[in-house]
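Form predicted alone, single chain, as structure tokens, below.
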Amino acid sequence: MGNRIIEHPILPILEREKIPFYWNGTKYFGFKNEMISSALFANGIKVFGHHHKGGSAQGIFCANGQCAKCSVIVDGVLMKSCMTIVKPEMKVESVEGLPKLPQTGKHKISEIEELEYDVLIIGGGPAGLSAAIQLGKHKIKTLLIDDKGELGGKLVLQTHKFFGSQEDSFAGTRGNEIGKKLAQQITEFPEITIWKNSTALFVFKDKKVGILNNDIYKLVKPKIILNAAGAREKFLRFKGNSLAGIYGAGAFQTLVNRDLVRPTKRLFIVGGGNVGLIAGYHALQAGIEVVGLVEAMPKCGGYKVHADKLARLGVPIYTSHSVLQANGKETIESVTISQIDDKFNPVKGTEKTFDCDTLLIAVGLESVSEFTDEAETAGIRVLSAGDAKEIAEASSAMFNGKIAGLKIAKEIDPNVEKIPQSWFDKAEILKKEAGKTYDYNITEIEEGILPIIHCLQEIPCNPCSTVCPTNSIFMKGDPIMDLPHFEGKCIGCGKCVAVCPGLAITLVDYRKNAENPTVTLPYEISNHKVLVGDEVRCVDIDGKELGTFSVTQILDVKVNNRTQLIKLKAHKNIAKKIVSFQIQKAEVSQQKETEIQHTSDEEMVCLCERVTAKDVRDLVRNGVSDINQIKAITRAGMGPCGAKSCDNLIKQILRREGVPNEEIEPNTRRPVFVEVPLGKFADGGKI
């Protein structure tokens, strides 16, 4: 189990019970309540089988039950390894070609339990939990279901401090801690029934929802449904995209931050939104080399402070670049990127190739909207919240979940108070994308002690102004979106430095030495050891080196919530420019010789049925714009994931070929949304 994380700057490393299991006849060990996929990765096993079409290696992609790349045979039955818990002496086998169907005998038809609730919430993430809290406060009979064993959704995977406001969205608190707080709050309401390890399968036209609750099939009839099922990650077309070792940011964060498994040694990231940037930071916290990151746009779409953090720590960011191809036999061994023009076409002669063993895809999210659509078709009152409604940050999801919960409560009980207008106003602010970026406006004062604010972009965030004991940091305009300003008296407490989610505030102290003041820097990657007396390469906001300086003191106190404060002395001419120091050496991101073939015909669109971009493009050029017809001819979308990945890619090809959105006939979703053994419907899972 050499791929376990045994030291982490944020997450505790706890003793866990070892569970023996067998992989292809060889004995290994996982941990209690751990998913098979994580146990396999921990034991160095990243290829879970081979596809029946062409024999390509299969691994993971989503680690969230949305696809089927991680399928294995468990005690004779085909299962998704990312959703199946390791059990003692379990026999797990790789899928080689088409698996044989198990002989389970006849099923006895039995009664299926049917239940009624005022409200059904699908999804126990930030939006679903926030809505449930409101419904619980108003004593509304509610069922909340989630397909994981722990509530919190993607909050469970977030070790960084959150943006937003402290008052409304726990700004300055780490995401995994927020998830625990919300999950604890809903247990205080007896009106809220919680079903973990429970998957919503379909919304039927008789206004009932089929749910697999701890492997037992049940029917629930709600008056109102709240879809808070979140989002799924989009895939990307490029040559070699079917190699094992290419997967989404959510899968990576699941392995690293939930299960404390180090799935890679050398990571390359595609996508400069917040998801990709944060995943890169999490990788560094897990002791993983981040070779580089590409973003197709001229600048990263995520918050500037997230991009700045990576650049300062030594991760190259290539804007106006994209991945050209992944290279390797079964698993990825290197990646080739290139510059792209304003039409997103590769520019010949700009190719760069880097060694890596994992390619992380973070090119956007797509709302899980199917529950909303089918509920509307069935005539059930349905609302959406969180990413299932619109893609935004988790702070926004919590707040619009809160609004949805109170709105539903009022529909059930007209005596419930009206939603305050201030809630809607705050929700609009929290879902805003990053605004204008300004130039530095650093004070010329060189006496006493003062904070230097390196946050230059309008984003919804205000914890620094909230924690300042002298109210010397404040927002001049909007209390959340405006840039923070310093004016007044700083007492040097360091609270603003420690709480800033972007690690974008430093302190400069001239009181003892005006020529060489003390600079205080935030640091959260303590597994990259920094000790008093060490020489560190300090950089400015853009990651440009300013010089090497000696660490004079390290403050590592509980009140700072695992953010170390690193102190060093620097000359007054550069002290205010220092923002951080590099931890990753330039050699990590060295290029290798590139051999490239300019072709896109090998781009895979449907991983389940091995349908290429060329297969789809040829049909479109022959006048086909009905995705159902494309499915019938190529089988794209007929695999076990149910078109969850390929649907968006096929639409991209249609648009690229000049087919307007309104002329695209959408894919018809099939029941059920998630694969389930037919026997579950016969006997409610009592096999």
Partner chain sequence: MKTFDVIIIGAGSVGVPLALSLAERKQKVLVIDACASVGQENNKKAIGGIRATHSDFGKIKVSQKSIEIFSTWQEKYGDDIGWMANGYSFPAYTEADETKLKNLMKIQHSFGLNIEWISPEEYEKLVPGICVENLQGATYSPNDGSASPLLAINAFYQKSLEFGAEYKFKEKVVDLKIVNGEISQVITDKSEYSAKIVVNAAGNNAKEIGELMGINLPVIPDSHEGAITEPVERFFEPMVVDMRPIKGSANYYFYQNNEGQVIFCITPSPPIFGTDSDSTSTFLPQVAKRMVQLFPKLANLKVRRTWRGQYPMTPDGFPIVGKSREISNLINAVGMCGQGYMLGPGLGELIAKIVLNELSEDDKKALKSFDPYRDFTGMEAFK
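Positions refer to the first chain, counted from 1. These numbers were taken from a predicted model, which means no experiment stands behind them.
What comes next is about the form predicted in complex with its partner chain, which does not appear here.
- This chain is drawn without its partner chain; in the model of the complex, the residue among 429, 219, 546, 588 with a heavy atom within 4.5 Å of it is 219.
- Distance criterion of 4.5 Å from any heavy atom to its partner chain in the model of the complex singles out 112 from the list 112, 194, 156, 434.
- Looking at 56-64, 32-40, 658-666, 645-653, the stretch with residues near its partner chain in the model of the complex, meaning non-hydrogen atoms within 4.5 angstroms, turns out to be 658-666.
- Using a 4.5 Å heavy atom cutoff, 628, 632 and 682 all lie near its partner chain in the model of the complex.
- Heavy atoms of residue 678 reach within 4.5 Å of its partner chain in the model of the complex, making it an interface residue.
- When contacts are judged by a 4.5 Å heavy atom cut-off, residue 329 does not count as touching its partner chain in the model of the complex.
- Among heavy atoms of residue 672, some come within 4.5 Å of its partner chain in the model of the complex.
- Though the partner is left out of this view, residue 512 does not reach within 4.5 Å of its partner chain in the model of the complex, counting heavy atoms only.
- Counting a residue when any of its non-hydrogen atoms is within 4.5 Å of its partner chain in the model of the complex, the hits in 60-84 run 77, 78, 79.
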